[in-house]
Ligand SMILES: Cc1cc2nc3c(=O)[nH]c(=O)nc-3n(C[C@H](O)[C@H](O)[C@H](O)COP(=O)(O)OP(=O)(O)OC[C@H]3O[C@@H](n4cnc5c(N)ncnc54)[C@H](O)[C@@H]3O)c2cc1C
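Heads up, the chain below is alone and in the form predicted alone; it's given as structure tokens.
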Amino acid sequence: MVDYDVIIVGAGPAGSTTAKILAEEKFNVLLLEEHNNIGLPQHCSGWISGCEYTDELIKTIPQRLIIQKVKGWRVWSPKGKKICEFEDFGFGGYFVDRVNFDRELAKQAAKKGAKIKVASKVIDITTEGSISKGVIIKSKEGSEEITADVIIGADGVRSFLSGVAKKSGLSELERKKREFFPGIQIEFINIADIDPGIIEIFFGFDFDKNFGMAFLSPLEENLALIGFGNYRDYLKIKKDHPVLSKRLKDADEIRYLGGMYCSRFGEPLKTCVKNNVALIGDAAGYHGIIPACISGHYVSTVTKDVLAKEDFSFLLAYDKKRRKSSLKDARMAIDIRSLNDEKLENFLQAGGKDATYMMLELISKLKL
């Protein structure tokens, strides 16, 4: 006898969504979170992209968690020229209180019957032959082995480096090398000339030498988050940028968020299934709250069949399902490291508006 039908590693939106769906079906589910508090540390602004799925999701959370709706977009070139500005057409979605949003989704899973263990870090995956038997966790109670029929990695971008993807051998199945880089977001108060509800995209490698762009996420009047590669990049932008140097002149830094991102931003892994282990969300390469949650729906549907038929081979249907779905185009950015600021400037001046619109439109068509 195993301890659980399913162990889900990571209590972010993807993990909690999956736990809730499977618990609703009366499966015995354990949701593991390595940190002491679900939702912390916070790694992103709390922006959830808009699509049909978002419209339904937003109805299930308390309105107090919704900070504001996105109303439009503004795009800037490396030289500080405004490339375009347009009203949102459905993709923009909402800014939510990310910490309590994550906690709300976890609470919903628990109310359906999922068990949650925080401060429980997975240090290894145990195997019997080619099949994963369970996980070994380290918690405040010490180390223990917990067994399950299916293990789902929802442990974020670090999964590939040290988490479920790495420990299960799934990361080794990727033929193309994946590079990972650190990044920060700084929350500013008294930042000038921002429009609540208008997301601004700033292109330029001064923001981040690998990513080549930054998002300004306006949370409320004079309050916004901006992404950078590191603190030195921020200081250079504050000093020299043709637009933001003026806006940041009297701004105060009040919070720092940090994390890792993959150079192939938003590009999913080719293979997310190995025997009875599957990956979802950022662990699978799906960047963003909504793509992560949708991947959780897909793996849940397949996992039900696996458990009902007691045959791990049915889990392979998850790879087939996600590859054919709208998730295949769910990329909010592209790898532009082969360019430089001059080439970016020319590209944006020539067709930046159309390219931006197309990128946003692809995401807006996400659906189950």
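Just so you know, these numbers come straight off a predicted model, no measurement behind them. Residue positions are given as counts along the sequence shown, with the first one as 1. For clarity, a rigid core is taken as the largest C-alpha set superposing within 1.5 Å between two forms.
Not on display, but discussed next: the form predicted in complex with the ligand.
Screening Ala292, Ala214, Ala224, Ala114 for any heavy atom within 4.5 Å of the ligand in the model of the complex leaves a single hit, Ala292. Only one of the listed residues (Gly197, Gly80, Gly259, Gly90) places a non-hydrogen atom within 4.5 angstroms of the ligand in the model of the complex, and that residue is Gly259. Proximity of Gly281 to the ligand in the model of the complex: non-hydrogen atoms within 4.5 Å are present. Contact check for Gly50: every heavy atom lies farther than 4.5 Å from the ligand in the model of the complex. Proximity of Val29 to the ligand in the model of the complex: non-hydrogen atoms within 4.5 Å are absent; the residue sits far from the partner. The shortest heavy atom separation between Lys274 and the ligand in the model of the complex exceeds 4.5 Å. Stretch-level contact check against the ligand in the model of the complex with heavy atoms at 4.5 Å: of 39 to 47, 63 to 71, 339 to 347, 299 to 307, the positive one is 39 to 47.
In the model of the complex, the residues of 117 to 137 lying within 4.5 Å of the ligand by at least one heavy atom are, in order, Ser120, Lys121, Val122. In the core-superposed comparison between the shown form and the other one, the C-alpha atom of Phe215 has shifted by less than 2 angstroms.
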